[in-house]
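Have a look below at one chain only, the form predicted on its own, in structure tokens format.
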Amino acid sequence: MRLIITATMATLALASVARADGERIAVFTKNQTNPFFQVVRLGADNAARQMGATVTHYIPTRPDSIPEQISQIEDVTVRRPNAVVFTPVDFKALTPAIRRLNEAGIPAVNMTDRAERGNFVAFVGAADYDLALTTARYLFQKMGGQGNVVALEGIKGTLVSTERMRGFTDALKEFPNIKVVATQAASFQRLAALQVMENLIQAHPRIEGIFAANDAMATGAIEALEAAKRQSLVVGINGTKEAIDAIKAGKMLASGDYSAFLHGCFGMMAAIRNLRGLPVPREIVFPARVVDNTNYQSLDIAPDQMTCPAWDSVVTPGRS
């Protein structure tokens, strides 16, 4: 796998306190409702086991709760793990909490969702804009370049949702005969998407395509279509096992592969490598890839059976 790696190699911070193993790593993710983050956590756990580290997971009990994640960061500054792997529930609102984490001297890796500010060892994730552009373009091509489409947004105002909708909009410019009949937010949640699509199906007798900004919403859209005995081409983003099963069953056209397991693997590896004085690129960005019924096999594995690939087999040092 080839990666997009930008910027120079990270400073070998903390080399003087490099450890052989036994590091304690705190991993922050956004919720327990999106299957994507469950797979991220499995990737982090797998990498930690391979490298002899221990993991504590911090997950808001209320999905994407800003106050709860702020409180969890305050807890971490007291407990002082060796490093943090961090996904902010909001790219702006967590800035003061990240500043406190930096002031506490705890090295942090930014994973999956970019934080607006803060000092991080590295960013590990995917390019939301590229994924949405590629996946939407694929949908429009499969629609034959014409017809009505619905877009399901994530949480309005978040960086992930904004970038994915920007990719969708730019792909749309290439297909002048595709008409957007509705764009509505469904908060990246399956149930919300189901309810939104139930209303849209009643309002619009023809919907040839549905672009969902994540797989959970795509699943909700499919459930609404099945209940109404309607058919549309549906795409999502994340490449979750749930999406792969839907693609195999012919219910879902495709998903943009967000590489959840690799996020966890390489977020954890980057944190540990930094502690051990090993080189870490400032950015590890996985390439955009559409998964459909021709190439899903590599992701058709139960997440708890996956194994993190070796660092050097994925990350190419020095590439910029």
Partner chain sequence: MTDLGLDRRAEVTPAPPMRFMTRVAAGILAAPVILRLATVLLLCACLTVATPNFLTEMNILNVLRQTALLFLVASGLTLVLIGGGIDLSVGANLGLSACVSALVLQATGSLALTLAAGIAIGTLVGFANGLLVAVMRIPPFIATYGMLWVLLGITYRVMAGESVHGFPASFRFLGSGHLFGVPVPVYLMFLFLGVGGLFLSRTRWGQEVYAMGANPEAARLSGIPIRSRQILTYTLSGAMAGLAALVLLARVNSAEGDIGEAMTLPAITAVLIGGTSLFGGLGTVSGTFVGALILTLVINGMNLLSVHSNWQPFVAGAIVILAVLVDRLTSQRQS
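For the two forms, the rigid core is made up of the largest set of C-alpha atoms that agree within 1.5 Å on superposition. These figures come from a predicted structure and were not determined experimentally. Residue numbers count along the first chain shown, from 1.
Unshown form predicted together with its partner chain; subsequent notes refer to it.
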Discussion item. Among the candidate stretches 193-201, 96-104, 83-91, 141-149, which one is within 4.5 Å of its partner chain in the predicted bound form when only heavy atoms are counted?
Written reply: 193-201
Worksheet item: Closest heavy atom of P287 to its partner chain in the predicted bound form, within 4.5 Å or not?
Response: no
Practice prompt. Please check if E242 has a heavy atom lying within 4.5 Å of any heavy atom of its partner chain in the predicted bound form.
Written response: yes
Fill in: is_contact(D130, its partner chain) in the predicted bound form, heavy atom dist at most 4.5 Å
no
Worksheet item: Can you check whether P63 is within 4.5 Å of its partner chain in the predicted bound form, heavy atom basis?
Response: yes
Worksheet item: Any chance all of N34, A185 and A228 sit within 4.5 Å of its partner chain in the predicted bound form, going by non-hydrogen atoms?
Response: yes
Practice prompt. Work out which of R206, K179, R117, K156 lies within 4.5 Å of its partner chain in the predicted bound form, going by heavy atoms.
Written response: K156
Response to the item:
Interface check vs its partner chain in the predicted bound form: of N110, T134, S232, Q189, the one with a heavy atom inside 4.5 Å is Q189
Discussion item. Given a superposition on the rigid core, I'd like a yes or no on whether P205 shifts its C-alpha by 2 Å or more between the shown form and the other one.
Written reply: yes
Item to complete: Determine, after fitting the two forms on their core, whether V196 shows a C-alpha shift of 2 Å or more between the shown form and the other one.
Response: yes
Practice prompt. Align both forms on the core first, then report whether K179 has a C-alpha shift of 2 Å or more between the shown form and the other one.
Written response: yes
